[in-house]
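Heads up, the chain below is alone and in the form predicted alone; it's given as structure tokens.
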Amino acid sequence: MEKHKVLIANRGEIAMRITRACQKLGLDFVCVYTAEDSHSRHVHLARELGGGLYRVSSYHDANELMAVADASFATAVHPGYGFFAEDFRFARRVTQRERGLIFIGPSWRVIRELGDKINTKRLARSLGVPTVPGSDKPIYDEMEAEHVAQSLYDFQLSSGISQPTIMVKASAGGGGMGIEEVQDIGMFRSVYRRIRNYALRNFKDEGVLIEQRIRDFNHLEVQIVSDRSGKNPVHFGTRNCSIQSTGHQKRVEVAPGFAPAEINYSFDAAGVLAEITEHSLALARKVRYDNVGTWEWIVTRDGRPFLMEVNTRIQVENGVSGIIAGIREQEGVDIIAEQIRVGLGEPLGYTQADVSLSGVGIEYRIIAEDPAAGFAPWVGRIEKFAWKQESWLEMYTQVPVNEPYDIPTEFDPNLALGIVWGKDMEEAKMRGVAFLDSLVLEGADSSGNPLKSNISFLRAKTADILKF
């Protein structure tokens, strides 16, 4: 593999995982951090492994990141997730600047093509891929938006839906952000204006997508990997991300997406998994997808799948797919390492026939928040954080384990990802509860009130994993 130095343009646990992947691949790396992250373990790890380390004023400042790339003689940029990960303009700038770098992610053209939910819907429909009923082009005109919303509302009424609901989304958004529901059609105009303004501020594009609200569904994903040829995408199975906060933010992810051998569903669950996987690969081939990506689906209680969007980046939950996957004789797949390897131009080197899937993986997002108060973030100091090491457990955290840690208020209070594996669902659930019970998480806020976390919520929800 050709020698490269990778600028890791992110923070926290994802920066640590990219650092470890670079180390595994024999690549040099350089990390960045802000003043608020001075005590993050991703900073300690960069120093420990002898990588470059630069302080920046913001992870959102592309000029600073490019300056670090030049000062450190980096040859590639890994954006992680969030920040610039799905910004095609940033990816284009990285590759087309005078001292061009490799962007470790899909090509900027692919990001642009699939980053717009509406364009993705058009492409999907051209292939016969089922999508959520609603607009198939960005709507910028308020009167047109009202017309689409009214038609969807009337359609639901005529279909016997007693409480019609419209979803208003920023077409260039993702990750559950920039989305509101409308049940009273009289409130549509104010919600539309709010989402349009949000989209303009956050995504520099005020295009809005209007869809029917599908109720009573499971949220599934398909993990895709492809090399720069874009000709031979493979999948690493499915995930179920239906356990979420009230704000549509994922809290538990499970791979695979259903367990037809252990749970009786009212539909052909194995058939649905096969269907969404084939549809996802067909769309990947259509656009010549050339890196790691996730196809997000909703599946209704009667087994009807609808494609929601494509996330053109590595996702938080990549590890739960990796823990159930294997390539030839290798058990477990480091999907971040695969992303870097093919992102730097290496051929994939295997086909779908070489990929195996076994067991069940559960990923828990450990967060300083209060589920009883609408998942409100908790702010304070962590005094102690520990857990029992197990062969079936992978733990990723930027929180120092041997010293106090003040949770930065500038970022989401995500503390750790715990991923467990079991030979079947029952073993995975049993191990998941054992992991959560072993966690020691203590701290207090500035008034001396004890730390709040979602650990009890995660434990309670473990019993419902993969049930519809």
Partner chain sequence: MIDVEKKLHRLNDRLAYIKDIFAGKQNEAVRMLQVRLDDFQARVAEMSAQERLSAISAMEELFTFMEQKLDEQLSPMDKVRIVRHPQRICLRDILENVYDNYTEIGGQDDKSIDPSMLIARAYITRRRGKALHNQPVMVIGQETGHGDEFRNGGSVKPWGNAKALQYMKVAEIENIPVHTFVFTPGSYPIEDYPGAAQQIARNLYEMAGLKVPIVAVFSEGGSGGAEAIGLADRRLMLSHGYYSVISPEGAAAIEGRLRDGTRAAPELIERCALQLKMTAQDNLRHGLIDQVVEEPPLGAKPYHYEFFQSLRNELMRATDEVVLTTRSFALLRGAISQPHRPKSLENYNAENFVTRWSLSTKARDRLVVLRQKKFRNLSNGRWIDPRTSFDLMLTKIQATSTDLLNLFRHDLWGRRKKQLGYAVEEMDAGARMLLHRIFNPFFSFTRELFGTKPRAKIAEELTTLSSWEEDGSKNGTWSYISSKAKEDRAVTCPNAAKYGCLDLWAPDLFGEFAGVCTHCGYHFPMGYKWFMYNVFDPGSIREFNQEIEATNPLNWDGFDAKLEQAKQKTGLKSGCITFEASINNTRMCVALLAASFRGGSVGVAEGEKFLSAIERAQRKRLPVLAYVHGTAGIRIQEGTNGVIQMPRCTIGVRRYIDAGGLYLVVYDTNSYAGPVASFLGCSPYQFAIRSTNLGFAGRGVIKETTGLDIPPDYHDAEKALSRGHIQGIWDRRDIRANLQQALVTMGGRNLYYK
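As the structure is a computational prediction, the values presented were derived from the model and not from experiment. Residue numbers count along the first chain shown, from 1. We call the rigid core whatever largest set of C-alpha positions still superposes within 1.5 Å between the two forms.
The form predicted together with its partner chain exists for this protein as well; it is not shown, and the discussion that follows is about that form.
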Option from 354-362, 276-284, 226-234, 93-101 whose residues, in the predicted complex, bring a heavy atom within 4.5 Å of its partner chain: 93-101
Could you check which residue among G173, P305, G134, G319 gets a heavy atom within 4.5 Å of its partner chain in the predicted complex? G134
Could you tell me which one of D184, E383, D268, D154 places a heavy atom within 4.5 Å of its partner chain in the predicted complex? D154
Taking heavy atoms only, is V148 within 4.5 angstroms of its partner chain in the predicted complex? yes
Partner proximity in the predicted complex: F258 to its partner chain, non-hydrogen atom cutoff 4.5 Å: no
In the predicted complex, does G332 come within 4.5 Å of its partner chain, counting heavy atoms only? no
Spell out, yes or no, whether the shortest heavy atom distance between Y192 and its partner chain in the predicted complex is within 4.5 Å. no
In the predicted complex, does each of G12, I14 and H39 have a heavy atom within 4.5 Å of its partner chain? no
Taking heavy atoms and a 4.5 Å limit, what residues of 49-69 are near its partner chain in the predicted complex? H60, D61, N63
Following rigid core alignment, is the displacement of the D154 C-alpha between this form and the one not shown equal to or greater than 2 angstroms? yes
Tell me whether E211 is among the residues that move between this form and the one not shown (Cα shift of 2 angstroms or more, core superposed). yes
Do the C-alpha atoms of P138 and R109 sit closer or farther apart in the predicted complex than they do here, given a shift of 3 Å or more? farther
